[in-house]
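What follows is a pair of forms of the same protein chain, given separately as structure tokens and numbered structure 1 and structure 2.
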Structure 1
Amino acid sequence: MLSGKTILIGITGGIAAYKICELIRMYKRQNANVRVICTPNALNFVTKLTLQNLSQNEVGIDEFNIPDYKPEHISYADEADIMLIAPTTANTIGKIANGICDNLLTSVVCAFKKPILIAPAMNCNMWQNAAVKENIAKLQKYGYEIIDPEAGFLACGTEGVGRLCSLDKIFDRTVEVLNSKKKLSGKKIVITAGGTIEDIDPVRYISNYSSGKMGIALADCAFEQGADVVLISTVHVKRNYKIVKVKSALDMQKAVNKEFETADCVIMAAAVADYRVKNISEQKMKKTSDDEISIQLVKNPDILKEISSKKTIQTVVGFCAESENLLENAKEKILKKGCDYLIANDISRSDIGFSSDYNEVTILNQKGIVKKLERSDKYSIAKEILEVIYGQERNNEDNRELCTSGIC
């Protein structure tokens, strides 16, 4: 099952370290090449000799013990197909979440470009600790997969959530990740982000408070899951996927239309101005003696409605920011726009929505509410939204297959 694969196991200083001896044997039975790195503290729980014999490889501990020209942390990172850290202590979780590289294991993690699975194990109070929780959320945001600990009787004598999850579960997940392509690979997902900017004159404009954070979180998350991402953004960002920088609603319309035909999914998370200035002044407008002036506005195109009306295979998702009657307005809006999903959020709250790192949304489809997502960081919200859309995308694909075989 695993021949030709190299699994790099990182062991940290937790009591569950002894269990990893058996896990190494499970991988070896399936012909994997197993390499092991220990933190110095892990050696209080398992011996180098045991791990060396079970893995049939040298065990890495000292970052500065360099056998040839290549530093160990680079060699380990280059050679393995996947990295598993089990058990992962609260201490090492904190270090990885903050980019600290103070031993061989944490340096390898920093240099590792392939999937990393993290299986935490610790006392239940440590697992509940606010800093640990925040570090775990950070790791998820950065694309590490967390294999959650289980509830049960803990080595420290208490009962609760914190026990290393079963070796079978870790083993199965490693095999799945090694043998699977990423969930969204092959899908082109176009996402818009930020508030549009409508010029009044060369120095003044009309805009809104959208920070673009939700759209960027969606783009990061889709990219992480293997999608071919195009982010059309009014906000400046640097990423490894395609970014089209736009300013006004008209720019955004042009950019969306250009990408639409070849897209599998378009998510309109941007806050597009409903109106723009009719006559943009070429020169800076001068202050006059008048107490009042008027600027005439004209309606901007409704990009969401436009693309919803011409979609064929695309899944179209809109966002709806409301300051009152959130759900009634959202239900009305999705019918009017004709999109597949509408993500409704309440902008009257200061702890979520515009500019905040957090959000709390309700996902609707044409039939009504699909899912309510509790307040969480925008990356986790993005992950859940994609989970819902991806399910639908798969259904669309199944339907398409049935249709082409004459069963629709």
Structure 2
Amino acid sequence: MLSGKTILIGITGGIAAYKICELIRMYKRQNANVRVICTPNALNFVTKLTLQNLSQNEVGIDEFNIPDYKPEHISYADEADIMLIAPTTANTIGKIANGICDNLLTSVVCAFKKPILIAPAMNCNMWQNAAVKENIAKLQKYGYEIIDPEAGFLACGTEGVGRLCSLDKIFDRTVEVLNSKKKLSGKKIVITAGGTIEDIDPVRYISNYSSGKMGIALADCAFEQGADVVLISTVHVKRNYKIVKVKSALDMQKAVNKEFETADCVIMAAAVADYRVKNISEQKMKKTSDDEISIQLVKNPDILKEISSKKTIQTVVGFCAESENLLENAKEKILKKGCDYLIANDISRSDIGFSSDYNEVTILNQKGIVKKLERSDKYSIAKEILEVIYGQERNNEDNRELCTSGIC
């Protein structure tokens, strides 16, 4: 299943480095070409000779060892289809997140434009360190995929989250990324993200707590699977796909309508404000002696309902955020909106939803509940959502073909 693929493995100086020997063998059994780069400290845990014998390739360590006059970090980056860094130490995570290129491994990462998987492994207190968390968030923002460490007994003798995740999980994810890139090829998917901002005056506005993380995760996942992605976002983000920056609900409506006709799928993950200020003040509103102030609000357009009413070939997916009676409200909403799917979020929980890196959702269609996705990182949730949407679409296409053949 990996025949013809080149996998570049970066190994850093953590005790879990020895486990990568078995991972190399797993890749080789599937006919992958495996190349390895080590940081100098990684060789304290595993030998260069072992890695060379297992990978059947020279192991890169020295940034200035340049055979055939080729800059080594560029040649590694050009030749590989995917890069995996495992185990990834807190030190290397910090370097990559901040663009530091002080060894061969970090220089290759900086030049690598294909998928990069990062599998951290460290002491549980290090994993919970605020600086490490911030660096991980940076990497996710830049488009790196983090394969989170697992809980268990650590080499330092303590129990906690920090051990390298299972080799099977790393292997499976590598295969998925390499073999799923064209799954959505030819599909134009429009995704909205973030909370809209409705001005009151030049310095104040009405908005909500949406971070845009779920919409961005959906866009990243769809792009990785080969889709032509358009992300309409209130949140500033840099990616390799098309991004349309908007502010208000009216801005978002205009942007969605512009892309809708040529879209195969529209996923409304943004939290669009229900109301906007009727008369926006051109100057800053001054505080008065009055104890109360009134601002008149008017309804914003219902973008989801609007596009659902005019869809032809498009699949329209909505989101709902509820603090109570999640499923009852979601079932009522999907019937009112007329969309094909509705993703229901419970915002009453602090461990998922707004601003969190994790989510737990229930997917509904017009007939009822399709699937419940248990708590997981938002990228994994995004992947499952796309699988439900396009898995269902493939099943419908198969059924149509059978019916046309007289077999239904």
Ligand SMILES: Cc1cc2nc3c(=O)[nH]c(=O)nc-3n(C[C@H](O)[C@H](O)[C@H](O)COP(=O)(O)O)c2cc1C
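These numbers were taken from a predicted model, which means no experiment stands behind them. Take the two forms, find the largest set of C-alpha atoms that superpose within 1.5 Å, and that set is the rigid core. Reference numbering: structure 1, starting with residue 1.
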Practice task
Would you check which of the pair is the form predicted alone?
Solution key: 2
Handout entry: Core-aligned CA displacement of Asp302 at least 2 Å between the two structures
Key = no
Exercise for the section: Could you tell me whether the Cα atom of Lys242 shifts by at least 2 Å between the two structures after core superposition? Expected result: no
Problem - Rigid core fit then Asp201 CA moved by 2 Å or more between the two structures - result: no
Handout entry: Cα displacement of Ala80 between the two structures, once the rigid core is superposed (Å)
Key = 6.1
Practice task
After aligning on the rigid core, report the distance the C-alpha of Val36 travels between the two structures, in angstrom.
Solution key: 9.4
